[in-house]
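A single chain comes next, written as structure tokens; it is the form predicted alone.
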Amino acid sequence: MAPTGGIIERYRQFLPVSDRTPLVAMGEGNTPLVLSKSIGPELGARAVYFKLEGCNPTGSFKDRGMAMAIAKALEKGARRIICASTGNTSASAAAYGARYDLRCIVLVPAGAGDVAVGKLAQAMAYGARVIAVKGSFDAALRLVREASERLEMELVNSVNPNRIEGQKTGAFEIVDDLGDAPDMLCIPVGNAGNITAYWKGFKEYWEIAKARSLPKMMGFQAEGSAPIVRGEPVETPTTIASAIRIGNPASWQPALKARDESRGRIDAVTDEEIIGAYLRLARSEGVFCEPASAASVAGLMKLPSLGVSLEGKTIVCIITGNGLKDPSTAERRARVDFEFVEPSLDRVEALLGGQASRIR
């Protein structure tokens, strides 16, 4: 059987690992870069690509950073890991913890709708101990930071620098696949670790001439959860996109640095724009993502109205997580009433006959 490779094996020379670092891998990374057939041409871009991070082992981009965080935790001799999560981090930490015999403790915000059921089910299936905090994600993050120090547990949130190191490999892959950096990278912004990581990766490749250019980093927060856009923390963030429902991002300053150094922007999109992009991706591109992922595409589609020209540009949108992470959104927003028919071809033909113009 072939070994299960991953980002550490592929990009070892660019990561802070040594001979003592375990080769943690579950096949994370090497995710598809899919050319848009509908949205890109409509916007007049040279090419729009979707980076499908939902193809990672637990269905989100978090696996890249978690592989590195777990490898370094094992190197230190850690036996327990802890994280705060709106869902994807908990699933990833629990999976890698289970595989490498690390006890995983997850703190999640207790509010209804704060964590998608699909993600919480993953963490529970992997055997994590899940504790609901009567407060926001930011309150949960404060607690795990304190707990990691007092109780000697390894913190595996994105404040752990090894998470950023793992996540930057997404930028390497984009350059490897395209032959250079894109003109723009559109990415959802929640805790802001991912925009920080991608910018770090692009810069590192550029510094050693593996890329001839650097992209503009275009980050998008949900309007009801947009502290960076507002310039101040949001005490009670609200958005249908639970993965980016964060009122005080841990990587706020690095995200600003990525924006400013790249001459990009961080803007906000409404829940209506997110759901519009979510449905558009599914119905015209065949890409089923979780709502937070659609923020990158909603932001891209909004850029022309903000005076940003996309003509002739090569653009990559990071699709951070699989749609099955949050199936309830599809059930609520994309529901189609079933049509019932007797088990007879004549009845099926009769039913479809009035809709012949829709059949190709």
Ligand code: AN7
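A quick note: this is a predicted structure, and the numbers were derived from the prediction, not measured. When you see a residue number, it is the position in the sequence shown, counting from 1.
In what follows, reference is made to the form predicted in complex with the ligand, a form of this protein that is not presented.
Residues with any non-hydrogen atom within 4.5 angstroms of the ligand in the predicted bound form fall in just one of 200 to 208, 242 to 250, 277 to 285, 264 to 272: 242 to 250. Contact with the ligand in the predicted bound form, judged by any heavy atom within 4.5 Å, is made by just one of 192, 218, 171, 144: 192. For the chain shown alone, residue 225 is not a contact residue for the ligand in the predicted bound form, no non-hydrogen atom being within 4.5 angstroms. Proximity of residue 137 to the ligand in the predicted bound form falls within the 4.5 Å heavy atom cutoff. The ligand is not drawn, but in the predicted bound form it has no heavy atom within 4.5 Å of residue 166. Using a 4.5 angstroms limit between non-hydrogen atoms, residue 321 touches the ligand in the predicted bound form. Shown without its partner, the chain has 84, 85, 86, 87, 88, 89 in segment 64 to 101 as residues with a non-hydrogen atom within 4.5 angstroms of the ligand in the predicted bound form.
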